[in-house]
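The chain below stands alone, shown as structure tokens; this is the form predicted alone.
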């Protein structure tokens, strides 16, 4: 885990709450699957999450990970983002809030 990853995980949890309207996702574990029996994202919520990730971090997950393996779990998404943005600083309006 990089130094940026815990902050990204926390930020992704808040993005999940915003995208889904489900406050219970604010404490979801890193190993929780994003689709299916885990968080239970559908394609629309997944698209909205990826849009927020791109806005916040400047990372286009769909373009850089054609198989979307980064979306397996919350932790895999955080690691994917952390690899691309490093420790920061992020451009204004991007990175963990």
Partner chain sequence: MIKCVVWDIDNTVLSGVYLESPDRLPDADPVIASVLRELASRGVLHALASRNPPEAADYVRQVTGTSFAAARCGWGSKADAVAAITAELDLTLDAVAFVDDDMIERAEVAAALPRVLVLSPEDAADAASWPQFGPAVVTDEARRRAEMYEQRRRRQAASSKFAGTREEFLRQVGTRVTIAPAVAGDAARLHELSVRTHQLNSSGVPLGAAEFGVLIRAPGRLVVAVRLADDFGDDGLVGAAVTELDDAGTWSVPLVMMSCRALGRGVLDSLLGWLCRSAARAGARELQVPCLVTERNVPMRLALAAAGMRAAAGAAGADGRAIFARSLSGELPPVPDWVTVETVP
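Fair warning: this is a prediction, and the values are worked out from it, not measured in the lab. Numbering follows the first chain given and starts at 1.
The form predicted together with the partner chain exists for this protein as well; it is not shown, and the discussion that follows is about that form.
For the chain shown alone, residue 50 is a contact residue for the partner chain in the predicted bound form, at least one non-hydrogen atom being within 4.5 angstroms. Shown alone here, residue 30 lies farther than 4.5 Å from the partner chain in the predicted bound form, counting heavy atoms only. Interface membership of residue 40, defined by any non-hydrogen atom within 4.5 Å of the partner chain in the predicted bound form, is confirmed. Put simply, residue 71 is close to the partner chain in the predicted bound form: some heavy atom of it is within 4.5 Å.
Residues 62, 65, 66, 67, 68, 69, 71 are the members of 62 to 77 with a non-hydrogen atom no more than 4.5 angstroms from the partner chain in the predicted bound form.
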